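The form predicted on its own is given below as one chain in structure tokens.
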């Protein structure tokens, strides 16, 4: 039976799309489907998956109701994500405003951006030395001003804030570059209109600069939080593999990605770790939707 012209065009269209559809099926749909399936089993990575016993929702219920360490990891991850993204963005905005029209701008941008291209493991090692309780530069400075040295990475109260400070230092350069691009896209006539109305520098910043930067803030918030929720390497380098004292309290620095790694590859509970990963995905998805809802209007659109 001869196909109609429309049917032949449809088949041809799907034939052209087939490489992309196959790519997404192999590298997205099948892995996600397998992850969901594994999360309902007690697979231990050592036996074939088909022999794993199905446990229903028990992995999810255990993580949410019984596992105190997962709760601590969630709490630490929330603190880390909010702190590094929003405090880092405030610091980056201040730097961007200072160097935007300053002399030697390219040099300042290079110096600020340099830590971004440094591998996280190297950053962790460097700052692990700076935080060293006996020979670190930070405690040397404290001794010079007459203050007692601190256990930066071995203290339950200071370990996570110390790692967050390192993360902000390492990532603030990229945020500065994006914010400078956003600042330079603000039309000058808005500032001219504000000055005609008698606005001072603070009012210009609050009523012109910040609203016009809202799309940039949205982009930085979403991408920053997605990355911060998945932090692993810096925490591992500084608190697990890089602390020479070896006394960093696990509960104080445990984040979700580190918990998943420990659960899957050290405790051999791949089903439980996969359930935790899917819970993390749900959290990231919900937070992203909230940010898109809150910051959806701004920039030039807000003035139209």
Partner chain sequence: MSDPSTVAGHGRIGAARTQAGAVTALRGKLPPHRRAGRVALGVVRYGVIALVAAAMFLPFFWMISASLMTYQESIRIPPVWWPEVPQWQHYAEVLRDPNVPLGLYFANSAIVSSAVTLLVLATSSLAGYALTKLHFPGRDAIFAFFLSTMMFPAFLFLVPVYYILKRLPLMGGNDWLGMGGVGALQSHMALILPFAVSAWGIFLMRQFMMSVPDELLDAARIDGASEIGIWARIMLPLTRPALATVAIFTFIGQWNYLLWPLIVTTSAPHLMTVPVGIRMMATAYSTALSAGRLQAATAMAVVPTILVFLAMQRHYIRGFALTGFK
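Numbering follows the first chain given and starts at 1. None of the values given here were measured: they were computed from a predicted structure. Throughout, rigid core stands for the largest set of C-alpha atoms superposing within 1.5 Å between the two forms.
There is another form of the same protein, the form predicted together with the partner chain; it is not shown, and what comes next is about it.
The stretch among 136-144, 153-161, 67-75, 80-88 whose residues place heavy atoms within 4.5 Å of the partner chain in the predicted complex is 136-144. Shown alone here, residue 260 lies within 4.5 Å of the partner chain in the predicted complex, counting heavy atoms only. The partner chain in the predicted complex is approached by residue 270, whose closest heavy atom lies within 4.5 angstroms of it. The shortest heavy atom separation between residue 42 and the partner chain in the predicted complex exceeds 4.5 Å.
Though the partner is left out of this view, residue 205 does not reach within 4.5 Å of the partner chain in the predicted complex, counting heavy atoms only. Taken together, the three residues 35, 129 and 178 all lie with some non-hydrogen atom within 4.5 angstroms of the partner chain in the predicted complex.
Annotation for 17-47: interface residues with the partner chain in the predicted complex are 17, 19, 20, 21, 23, 24, 26, 27, 28, 29, 30, 31, 32, 34, 35, 38, 43, 45 [heavy atom within 4.5 Å]. When two forms of a protein are overlaid on their rigid core, residues whose CA moves 2 Å or more are considered shifted, and residue 137 is not one of them between the shown form and the other one. Relative to the superposed core, residue 203 undergoes a Cα shift of 2 Å or more between the shown form and the other one. Residue displacement note: residue 17 has its CA displaced by at least 2 Å between the shown form and the other one (rigid core superposed).
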